[in-house]
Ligand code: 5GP
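Encoded as C-alpha cells, the following chain is the form predicted on its own, with no partner shown.
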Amino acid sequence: MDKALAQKVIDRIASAKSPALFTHLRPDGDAFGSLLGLAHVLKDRGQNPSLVQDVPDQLPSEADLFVVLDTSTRERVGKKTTDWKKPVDVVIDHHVSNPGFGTLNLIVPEIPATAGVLYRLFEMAGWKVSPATATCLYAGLSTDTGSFRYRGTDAQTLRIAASLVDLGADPSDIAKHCYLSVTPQRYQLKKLTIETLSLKDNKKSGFLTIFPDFYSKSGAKSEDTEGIIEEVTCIQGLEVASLFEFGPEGGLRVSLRSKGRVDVNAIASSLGGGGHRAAAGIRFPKDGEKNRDRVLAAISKAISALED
C-alpha cells in the first residue's frame, strides 16, 4: 500500500465531520462489511457518518466528504451520482480494473478485499478497531476470498484475519450468519438456477442462467444471487464459470469466476466490465442474448488459448 497516499486519505477522512459513505449497487459481503466497518470506526472517533443505500438525487447537503468503498466505477455507485457536481473525494477499493474516479484513490489489488485495505488503513492511522468493527471487516474479508479459498489469499490475508479475530471477530458466528442462514426463497432461486446448468468447451467452462420470472417463482430478491456461481466453479476440471442474469427489460448482468489459469478480468474489461483475474463482472443495459453469446465466445477463445 502506498503509505504517502494512504496518509493523505487518513488526513482527509479525519478532517470530515459528516462523511457520506457509499458502496456499489447490489452490495455483497465485502461492500457491506467495509461500509459498516468504516462507519463504526468513524463513530468511535466522534464523527457523524451517513451510510447511503438508496441513492438520492443529490449528495446530502450536510455531507462534507464523499467516500466510495469497494466500487470499481462511478456508474456502479448509481447512475444518479454521475450528474452530481460534487466529485468523489475518496475511493477505497481493491479491484485492479478501477480507473481511479475519485480525487484520492487508494486502490490496493494485492489485498483481496476492501475490508482488508481498511484494516491496514486503520492500523496505519492508529484508529480504534472495536469488536463490532472487527466483525464487519472479517465478514468482508471472508466472503470476498470465498472463505479464504480463492487465489490471492496469501499470508498477509491470513494475518489480517488473525488480527481481526484478536480484536473480537468470531469466525464461527460470522460463518453461521454468512453461509448457514439461507432463506427458503434464496434456496428455491438457487434450485431453479442450478437446473439451467450448461457445460461447454470440453467441459472446461460452464454457465448458469437466471431468468426474470425466477424471482416471482421463488420469492427471492436480487441480492439472493450471491454465491450461486460457486455451484459451477466447484465442478472438477472446469476452468471458467459464469452466471447470466437476464433483466426484465432485456439487459444482462454477468458474473465470471476462474480457477486461476484464465484471466476473467481481461475478458470482462474487453466487454466493458472489470474486476480481478479470478472474479469479474459485466453489465449490459440491452441485447442480453447477443451479449451472452459474446461473453461465451470470449471464454471459449481464452480456454482454447490454454491448449495452444
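For every residue, the number given is its place in the sequence shown, counted from 1. In this text the structure is predicted, and so the values were computed from the model without any measurement.
Missing here is the form predicted together with the named molecule; even so, the following discussion is about that form.
A.B. asks: Determine which one of 67 to 75, 171 to 179, 189 to 197, 151 to 159 lies within 4.5 Å of the named molecule in the predicted complex, judging by heavy atom distances; exactly one does.
C.D. replies: Checking each option against the 4.5 Å cut-off leaves 67 to 75.
A.B. asks: Even though the named molecule is not shown here, does His276 get within 4.5 Å of it in the predicted complex, heavy atoms only?
C.D. replies: So His276 counts as contacting the named molecule.
A.B. asks: Does the named molecule come within 4.5 Å of any heavy atom of Ala280 in the predicted complex?
C.D. replies: Yes, Ala280 lies within 4.5 Å of the named molecule in the predicted complex.
A.B. asks: Is His40 near the named molecule? Define near as a heavy atom within 4.5 Å, in the predicted complex.
C.D. replies: So His40 does not count as contacting the named molecule.
A.B. asks: Look up in the predicted complex whether Arg261 has a non-hydrogen atom within 4.5 angstroms of the named molecule, and give yes or no.
C.D. replies: Flag for Arg261 set to no.
A.B. asks: With the partner left out here, which residues of 81 to 108 have a non-hydrogen atom within 4.5 Å of the named molecule in the predicted complex?
C.D. replies: Read in sequence order, the lone residue that approaches the named molecule (within 4.5 Å, in the predicted complex) is His95.
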